[in-house]
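Encoded as structure tokens, the following chain is the form predicted on its own, with no partner shown.
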Amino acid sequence: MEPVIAVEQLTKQYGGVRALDGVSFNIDPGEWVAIMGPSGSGKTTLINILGGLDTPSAGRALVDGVELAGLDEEALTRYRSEKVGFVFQQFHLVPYLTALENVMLAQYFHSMTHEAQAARALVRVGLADRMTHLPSQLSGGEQQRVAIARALINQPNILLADEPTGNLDEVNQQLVLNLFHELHAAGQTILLVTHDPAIGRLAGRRIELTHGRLAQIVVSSADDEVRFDHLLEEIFISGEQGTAARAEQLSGVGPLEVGHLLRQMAELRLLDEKSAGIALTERGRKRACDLVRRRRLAERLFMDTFSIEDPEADTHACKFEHIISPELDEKICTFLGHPRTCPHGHPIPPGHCCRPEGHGEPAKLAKIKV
């Protein structure tokens, strides 16, 4: 697959300040990529160059194989109206135009106006009943959704978003991020600038900048696997206790991430989408059961054998559960005498190594001082 964006040794100099310093990366069609870094790291400069709003001092930025620095002003104007859609922290809506007219304004610069298309764009972002309202009559979240509809009206290949939730409260942040998730699921390529790690983790990859240089590129899937495990355990334990798991009560995951993670888990068939609440599929239950078993065996090992007390034992067990192989799991279980419960009295799900007729209390083991 040819990259939709190719950045090669991109450099931008402003007087004595080097905002970008030899940055290189590729982005494939349909990716959602977060551009992250502290203030002054070059995030907005990078987005402006990719959007044709600024030019590099050195290096190349290619979109669909076309080098942006080689385009004249007329070609750049056409590029901005056809290839990219912009969503900024500030909404940049014309105050005396309605929501519908603000969306149609983007079509005007594309030498066309089609009211029905603009209306469909607003319906897509959930504003079917707000089309005739002025920006002053809309909430911040609604204004940002008008801006997103305006960015999408010309069907751009790439959506460039610079801190799009920076001026929104938590509820409207979630609405806008849900919309980005839907766009990505439909195949939209998204580059989103953010300083918020929770928002950055929603993307498939994170490109992290420091002082204008590429610090690292992080694939989110590895981080997500650990979060999946955490949520699976919580849901499993809620079931053990006879209570239904609820999204707003799940701990250790921020409210901006939990919906995103639950959707991904449903796509992986770990959760049952048809259930009224949060319910594990057979696949999810098996994975959760294995996790709980490994963690509780690890607690037994650390507390009974190594004399490590809580909360240190719990911290070690939490890390240990992700690295124990099935073979090591059985060896630990056998070494401990196939215990029924963890040190806190919670049941340890039996494994293949445990006798069908049941397993006894842990054997008397010599304690090892550490």
Ligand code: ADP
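None of the values given here were measured: they were computed from a predicted structure. Quick note: we count residues from 1 along the sequence shown, nothing fancier.
FYI, the form predicted in complex with ligand ADP isn't displayed, but the following is about it.
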property	result
Contacting member of 339, 56, 51, 42, with respect to ligand ADP in the model of the complex [4.5 Å, heavy atom]	42
Proximity of residue 10 to ligand ADP in the model of the complex, heavy atoms at 4.5 Å	no
Proximity of residue 23 to ligand ADP in the model of the complex, heavy atoms at 4.5 Å	no
Residue 19: touches ligand ADP in the model of the complex, heavy atom cutoff 4.5 angstroms	yes
Exercise: residue 38 in contact with ligand ADP in the model of the complex, heavy atom 4.5 Å	yes
Partner-facing stretch of 24-32, 340-348, 302-310, 43-51, counted where any non-hydrogen atom is within 4.5 angstroms of ligand ADP in the model of the complex	43-51
